[in-house]
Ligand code: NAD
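Next up is one chain by itself, shown in structure tokens, the form predicted alone.
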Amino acid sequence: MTVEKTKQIVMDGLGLKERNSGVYYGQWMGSEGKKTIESFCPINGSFLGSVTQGEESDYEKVIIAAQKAFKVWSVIPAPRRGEIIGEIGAELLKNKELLGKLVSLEVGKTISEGAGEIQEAIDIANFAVGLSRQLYGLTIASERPDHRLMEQWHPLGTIGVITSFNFPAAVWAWNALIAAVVGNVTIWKPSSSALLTAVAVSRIANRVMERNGLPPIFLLVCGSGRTVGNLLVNDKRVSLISFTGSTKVGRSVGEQTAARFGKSILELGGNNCAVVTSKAQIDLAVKGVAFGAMATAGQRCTSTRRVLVHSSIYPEFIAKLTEVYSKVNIGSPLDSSVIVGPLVNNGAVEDFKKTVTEAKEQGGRILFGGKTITIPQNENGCFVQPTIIEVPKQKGIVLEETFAPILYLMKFDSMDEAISIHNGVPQGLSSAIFSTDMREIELFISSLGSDCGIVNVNTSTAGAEIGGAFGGEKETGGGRESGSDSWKYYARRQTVTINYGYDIPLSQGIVFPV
């Protein structure tokens, strides 16, 4: 199906227009006299639609609505909150096909990945339903007689969520749906490269709130980072900022939020590495590395960007990996046979070209790819070749993250050497080892092994499940989102002491003779 035909079906099905409001605070802001951000399809460069930007006065309306909604939402019993989130998941499921195709149109994900993006949001909703009955606190043994010591968790209030283009719905769901079950209200500032997806998802979520007679807890403010982003980050009324994006911007977000004693979750850059040992099943490793490097055209924060291969299997691994790359179908992501779609925009293409040039200047040897390509009937698309570059040493551009399908290939001779190279970058998000040797595996996942927040054994660095906590260390930011007990980031811990006796005994043996 052509881009134009798919666009018509998707826009009509989701109720999107050529011009859409980008601010929701219980009602959609009027668009008259407002500046807009236009969305273009990276498949062929065609215009998809525009979204109006919020200004400071619009932002203030959103904040006031959030504070009012919190007073109602936070006192609703958590299991009931979970039921509402479950309804949102059901609505997303009804619209999964249309929303998935919108993701493909707007950011270039393949049809399979676009659908998977929405399924991830649905999975988070289902997870949140169960979580609503498991927001546990501890009861702690007290050293004082007739005393009970316990912990409980309260919602923070208003949460700010700033998302990137590469997961335009799922990362919002990680934050907003989990935060909502805890009792919070969310203000979403989406990437300017994925505004239509944000508008569509927000409409679906808020329709559920409206039909249940509940206040707006999923608020939306589209606009630039310099205006809306700065307002959100520096607002003391926003208890926590969850930011997904570059390390450079994330550092600034973290500093500004900390300066006002706010909390932050930072999901920043990843320079993820796969280690392929001499004991690896080579075909399995090739598949895992290829998926990690080429999925979403290398535009995942968990994309495999470096691969370390034991020298004894190096020639065989290269031969098999380049063979896989040579057979990959690159083209319109609306074609189900396509594995690699376009980069998100022309700026990303320029970054790809610049990085390939720098890698060559720094001694890298291109084993495959390295060029931009033109796809028939989609001549204005943002397509590049998945690229493998052999580098003699880890330095320069190899230490940086480029959001493109560029894979750096290096040799190693011992596990100690591999771990040293693996950990020798500023980022620490996802990692992988391919081996059938228990000792190699246990070393890699030990405290002396991978320094990343996520470690994978015999599977790709990309493709994390929602059930585990997602996040990394070092310049990746240190935050955690999604599953496990990540819900605690959206809550404040309160230690409670209850004296049910008739005296006031003191701890640590202190005596107060009054």
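No experiment lies behind these values; they were computed from the predicted model shown. Throughout, we count residues from 1 along the sequence that is shown.
Here the subject shifts to the form predicted together with the named molecule, a form of this protein not shown in this document.
- Contact annotation for the candidate site: F40, G331 and V340 all lie away from the named molecule in the predicted bound form (no heavy atom within 4.5 Å).
- E401 is the sole member of E440, E113, E120, E401 with a non-hydrogen atom within 4.5 Å of the named molecule in the predicted bound form.
- Of the residues given (I124, A205, L219, L268), L268 alone sits with a heavy atom within 4.5 Å of the named molecule in the predicted bound form.
- The named molecule is not drawn, but in the predicted bound form it has no heavy atom within 4.5 Å of S74.
- Within this chain, T476 lines the site of the named molecule in the predicted bound form, having a heavy atom no more than 4.5 Å away.
- Contact check for I162: a non-hydrogen atom falls within 4.5 Å of the named molecule in the predicted bound form.
- Under a 4.5 angstroms non-hydrogen atom cutoff, the named molecule in the predicted bound form has F243 among its neighbouring residues.
- The stretch that touches the named molecule in the predicted bound form, counting heavy atoms within 4.5 Å, is 220-228, out of 220-228, 389-397, 309-317, 196-204.
- For the stretch 291-315, the set of residues having any non-hydrogen atom within 4.5 angstroms of the named molecule in the predicted bound form comprises only C301.
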